Ligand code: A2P
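This document starts with one chain, in the form predicted on its own, laid out as structure tokens.
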Amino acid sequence: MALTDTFTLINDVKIPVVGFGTWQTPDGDVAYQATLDALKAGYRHIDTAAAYGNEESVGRAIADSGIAREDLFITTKLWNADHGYTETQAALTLSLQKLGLDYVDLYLIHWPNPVAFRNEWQQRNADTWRAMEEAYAAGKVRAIGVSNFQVHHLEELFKTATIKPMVNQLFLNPSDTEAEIVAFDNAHNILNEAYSPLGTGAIFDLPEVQTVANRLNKTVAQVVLRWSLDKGFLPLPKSTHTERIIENGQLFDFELSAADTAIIDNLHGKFGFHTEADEAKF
């Protein structure tokens, strides 16, 4: 395996098995340089979102990288304030403009139940999805999906969708494997992407993971990202440090033993759980 190896989505679009995350990466020079460093290090899958506020800097790095557009896989996401049919159309147009792209490879609904639409989230998602299906048909997006959706959110969306989501991006790491929704996604051929695959950084303080990393002569991050891949997740590691960006992509020259995997599996709850979308205050 390598950074350019791919999973195949249900519509036969190929998506690189590791993505470079840009959540909490400040707009401007930091986001620009981190994205450029990731592309130089061999990443071809970049994940951003309207809510991250850094689409312009990410887009500038993409343009300056010199890499052919067809060799890249770019994801962005619809923010909570923009749920609805015409709102989604306008938000996608703005994201494309900021990124400097004619299309994105993957467009996601960032959260299923924004507080502003909590009394009508089902209809808002249905209207949003209709706009996304039209964008997909028009070639503005190559794949469409969701993020932070639990089973009941997807079941509701299925009632009106003519195209099922191809991806669900979730808070997935050894502390929270979200077993119910992951199994549901797998049963419906929806790829599980792992944002915050290293949690909030607390995993670096756990001696049991450090022991595994020391034995393999790898970093804690490399060990946990490899675990994520072994689970069938697509991890989206984020860093703004060049050396860590490079290290986080070096996941393919070692394997975790069954004992290693068991140690990491046993970290459930050690550093937090996902935010419940129906209770989120945004």
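All values derive from a computational prediction rather than experimental measurement. We number the residues from 1 along the sequence you see.
Just so you know, the form predicted together with the ligand exists too; it's not on screen, but the next bit is about it.
> So which of Thr75, Ser196, Ser95, Asn125 gets a non-hydrogen atom within 4.5 Å of the ligand in the predicted complex?
Replying inline: Filtering the options by heavy-atom distance leaves Ser196.
> What is the one choice in Gln33, Ser239, Ser65, Gln250 with a heavy atom within 4.5 Å of the ligand in the predicted complex?
Replying inline: If I apply the 4.5 Å criterion carefully, the residue I get is Ser239.
>> Is Ala221 part of the interface with the ligand in the predicted complex - any heavy atom within 4.5 Å?
In response: Yes, Ala221 lies within 4.5 Å of the ligand in the predicted complex.
> With the cut-off set at 4.5 Å between non-hydrogen atoms, does Gly139 touch the ligand in the predicted complex?
Replying inline: The answer is no: Gly139 has no heavy atom within 4.5 Å of the ligand.
> Is there a heavy atom of Gly100 no more than 4.5 Å from a heavy atom of the ligand in the predicted complex?
Replying inline: Because no heavy atom of Gly100 falls inside 4.5 Å of the ligand in the predicted complex, the answer is no.
> Do Thr86 and the ligand share at least one heavy atom pair within 4.5 Å in the predicted complex?
Replying inline: Thr86: no contact with the ligand in the predicted complex.
>> I need the one stretch from 250-258, 65-73, 231-239, 48-56 whose residues put non-hydrogen atoms within 4.5 angstroms of the ligand in the predicted complex.
In response: Among the candidates, contact is made by 231-239.
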